[in-house]
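Before any questions on binding or motion, here is one chain by itself as structure tokens, the form predicted on its own.
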């Protein structure tokens, strides 16, 4: 097996294991840390595919922004050491059924698709080209998704503020 295949499978296994630990752990702070590792693994996968800009955006936006806000909100609610409730057996069975049906559906899509080599020119992934397309309002511009990511970060910040605010009853 080639070194690149071993590296891909290693990164993929790391992402899957840390994602599974993020979902199954009963401590909320540990869950956030496992999510952090999973997102770092996804950034590593982008680096492996030589998409350095997307990997940097992954690290800055998700690892540096969203996960840090989640961790701050956990600490501000003073519930970082508490265990989450045990899920009901019915929920576990429904979750397993959903995962298995998702895997089978994905497998069916991949199995039925005929992969043929493309004769198109590869995409230019220089940072200057990405920046001009991201801020362009033309047919191939990405200003709308860029603004949606900004709104996502704003919503995460507002959510952290709302969670952090403690409502004290007025004493008379």
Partner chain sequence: MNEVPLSHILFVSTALFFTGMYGLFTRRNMITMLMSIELILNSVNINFIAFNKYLHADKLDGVFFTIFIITIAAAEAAIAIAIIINLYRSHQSIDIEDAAEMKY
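Residue numbers count along the first chain shown, from 1. A quick note: this is a predicted structure, and the numbers were derived from the prediction, not measured.
Another form exists, predicted together with the partner chain; not displayed. Remarks below refer to it.
| residue 106, heavy atom within 4.5 angstroms of the partner chain in the predicted bound form | Taking the distances in the predicted bound form, the answer for residue 106 is yes, it comes within 4.5 Å of the partner chain.
Is there any non-hydrogen atom of residue 10 lying within 4.5 Å of the partner chain in the predicted bound form? Taking the distances in the predicted bound form, the answer for residue 10 is no, it never comes within 4.5 Å of the partner chain.
Please run the contact check for residue 129 against the partner chain in the predicted bound form: heavy atoms, 4.5 angstroms, yes or no? Although the partner chain is absent here, residue 129 would touch it in the predicted bound form, with heavy atoms inside 4.5 Å.
Exercise. Looking in the predicted bound form, any heavy atom of residue 138 within 4.5 Å of the partner chain?
Worked result: Outside the cut-off, so no.
*Across 139 to 161, which residues bring a heavy atom to within 4.5 Å of the partner chain in the predicted bound form?*
Result: 142, 145, 146, 149, 152, 153, 156, 160.
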